[in-house]
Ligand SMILES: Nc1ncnc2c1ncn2[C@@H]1O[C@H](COP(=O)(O)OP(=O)(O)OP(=O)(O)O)[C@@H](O)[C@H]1O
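What follows is one chain in structure tokens, specifically the form predicted on its own.
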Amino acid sequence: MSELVVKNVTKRFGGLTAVNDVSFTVRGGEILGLIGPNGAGKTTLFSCLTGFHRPDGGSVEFEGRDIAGWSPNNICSIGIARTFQVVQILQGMTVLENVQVGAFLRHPGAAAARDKAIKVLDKVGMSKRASVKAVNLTLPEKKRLEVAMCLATDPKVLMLDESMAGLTPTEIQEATGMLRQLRKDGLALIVVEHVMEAIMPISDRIMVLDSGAKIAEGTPGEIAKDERVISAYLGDKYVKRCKV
């Protein structure tokens, strides 16, 4: 089973420590929720794990290899894919063509990549939008397309950065159902999310960052009762209205 082991990762920008000595492990078939206030370092941590930033300290081990400092394309090639806070899709291409680009990583032939893309679109519920130009999609559809592009690379670890932001309750329900199915398929998922009603029920564990440091990690129930997390992020109102 695939395992991502992060040990004491630190990232500095000048005098600012954006990620401070963070460690955790995630395995296949597990959803790790990553929460914290804006500016806590969540996206920077993602970038350190996926090659967009080189960590200033610590290690990132995947299947026994330290991949810290590898390029994003090499990290994707070994099975780690991510989405972005600001959606990154190819606006001038169709939905199918976008996903086909991701599929080329494992399927260099055009026909094979197209077949893979069609299967992925069916999995994420976008088959009927295959011929639509990406620029004409709604924001929720663009977010789902970005997930599809990642899935087309056949990842072992999928990292989602606020992929449910701005979704309606119905759309959130559809998205969480898809994530549960991906977990059943054996993927490891790391999910950054501010929609607590979405991330808490589907996560096996929750990790909380504040000012770049990990302040808590545990089950959703444990996190909802953690005084440090309530003070730094959740607030008393969340705890009163949400049962985990």
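Predicted model only: the values in this text are computed from it and were never measured. Position 1 is the first residue in the sequence shown; the rest follow in order.
The same protein also exists as the form predicted in complex with the ligand; that form is not shown, yet it is the one meant from here on.
Proximity to the ligand in the predicted bound form, defined as a heavy atom within 4.5 Å, holds among T176, T50, T43, S203 only for T43. Checking N73, Q91, S131, Q85 against the ligand in the predicted bound form, a heavy atom within 4.5 Å turns up for just one residue: Q85. The shortest heavy atom separation between E97 and the ligand in the predicted bound form exceeds 4.5 Å. The closest heavy atom approach of E171 to the ligand in the predicted bound form falls outside 4.5 Å. At a distance threshold of 4.5 angstroms between non-hydrogen atoms, G57 is out of contact with the ligand in the predicted bound form. None of the heavy atoms of G186 is located within 4.5 Å of the ligand in the predicted bound form. You can rule out all but one of 33 to 41, 214 to 222, 65 to 73, 176 to 184: in the predicted bound form, only 33 to 41 has residues with a heavy atom within 4.5 Å of the ligand. Within 4.5 angstroms of the ligand in the predicted bound form, the stretch 11 to 25 places a non-hydrogen atom from each of F13, L16, A18, taken in sequence order.
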